[in-house]
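What follows is a single chain, given as structure tokens, in the form predicted on its own.
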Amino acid sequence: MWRYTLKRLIQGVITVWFIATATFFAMHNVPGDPLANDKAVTEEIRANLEAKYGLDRPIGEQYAIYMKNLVRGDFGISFTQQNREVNDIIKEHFPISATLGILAVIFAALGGVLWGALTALYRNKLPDIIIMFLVILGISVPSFVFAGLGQLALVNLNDLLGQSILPVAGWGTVSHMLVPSLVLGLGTMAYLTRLMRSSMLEVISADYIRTAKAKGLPATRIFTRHQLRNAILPVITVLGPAIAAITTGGFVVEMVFAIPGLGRYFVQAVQQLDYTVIMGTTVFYGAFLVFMVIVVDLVYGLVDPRVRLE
């Protein structure tokens, strides 16, 4: 187990290094000057930034400086936000994105397992047909469409009732989180529903399920102890990447609902060509995704004792 864990950690470090390297060279091939006059107010500021990041040196030396700072956990200073480090931006705004993402994952996981099991139990019947139709919509329609429709529904609901039941945008209370997390988790919930349905159908027809029924075990116990427990394993496998994807992929939802999360600053950095913010957040997101994949690999072995990670 320890040998497998160490191996996965080494692979994760290599993956993060590749992400950082690819991001560095991609950003240096983007047209435009990151220290344009409207960003660096004076020539003195421009000269200091060039000296700090080696922008006046060959690309190889710039890469060495970048990796040296990265190893120390220093993502640099924003080119567009005065006296603000990228580390501070991540520390301040990632918890907001993480909170939104966790709520969306909880909604997606519970809904995916529930609806997936229900469609398998009522295969080819009316509940199965209705849920699978909604699942296809959830997978096909982009999140920004659901975000716009969600805001429109909130506006109409508040107008109809004559008072603000749920806020249309902003952040700060639980009521601000409900609709954005619902919108953000819809696509993942639809995908998990399909995955759970397929896995559940395989388990239902397994020999040990028929044996359990032949022994006269209660239907509830067969469902919870045998069917659900074994069918949920593929869901756990994809749950780690899904958590990272939702937590780091709510850019559009954060912009639509005016949520001050990290994704919103990433979009602004791309628009303003803020190199340090783009590279810092990209490496941070990549490392977070790799970490979640490793955690799921380890948890998978604990959930299913038949899996031998060695």
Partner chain sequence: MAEAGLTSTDFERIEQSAAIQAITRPSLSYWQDAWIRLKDNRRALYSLYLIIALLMFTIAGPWVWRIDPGAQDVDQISQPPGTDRKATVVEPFVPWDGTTLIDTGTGLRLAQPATTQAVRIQWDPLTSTGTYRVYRNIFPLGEERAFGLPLAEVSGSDGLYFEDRLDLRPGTYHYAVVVLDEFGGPGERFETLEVELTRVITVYEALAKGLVASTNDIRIGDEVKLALHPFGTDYLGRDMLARLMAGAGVSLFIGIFAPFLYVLLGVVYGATAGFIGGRTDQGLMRFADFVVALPFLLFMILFKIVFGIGPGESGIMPMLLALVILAWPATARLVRGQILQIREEGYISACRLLGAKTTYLVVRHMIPNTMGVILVTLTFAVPSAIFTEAFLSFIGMGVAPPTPSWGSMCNEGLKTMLTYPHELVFPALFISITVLAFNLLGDGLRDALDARMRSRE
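The structure presented is a predicted model; accordingly, all values stated were derived computationally and were not measured. Residue numbers count along the first chain shown, from 1.
Not on display, but discussed next: the form predicted together with the partner chain.
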- Thinking of Leu9, Arg57 and Val71 as the candidate spot, does the partner chain come within 4.5 Å of a heavy atom on all of them in the predicted complex? no
- Query: Should Phe266 be counted as a contact of the partner chain in the predicted complex, where contact means heavy atoms within 4.5 Å?
  - Reply: yes
- Should Val256 be classed as touching the partner chain in the predicted complex when contacts are defined as heavy atoms within 4.5 Å? yes
- Message: At 4.5 Å between heavy atoms, is Ile236 in contact with the partner chain in the predicted complex?
- Response: no
- Item | Partner contact for Ile130 in the predicted complex: the partner chain, 4.5 angstroms, heavy atom | no
- Message: Only counting heavy atoms and a 4.5 Å limit, does any residue of 127 to 147 reach the partner chain in the predicted complex, and if so which ones?
- Response: Ile136, Ile139, Ser140, Val141, Pro142, Phe144, Val145
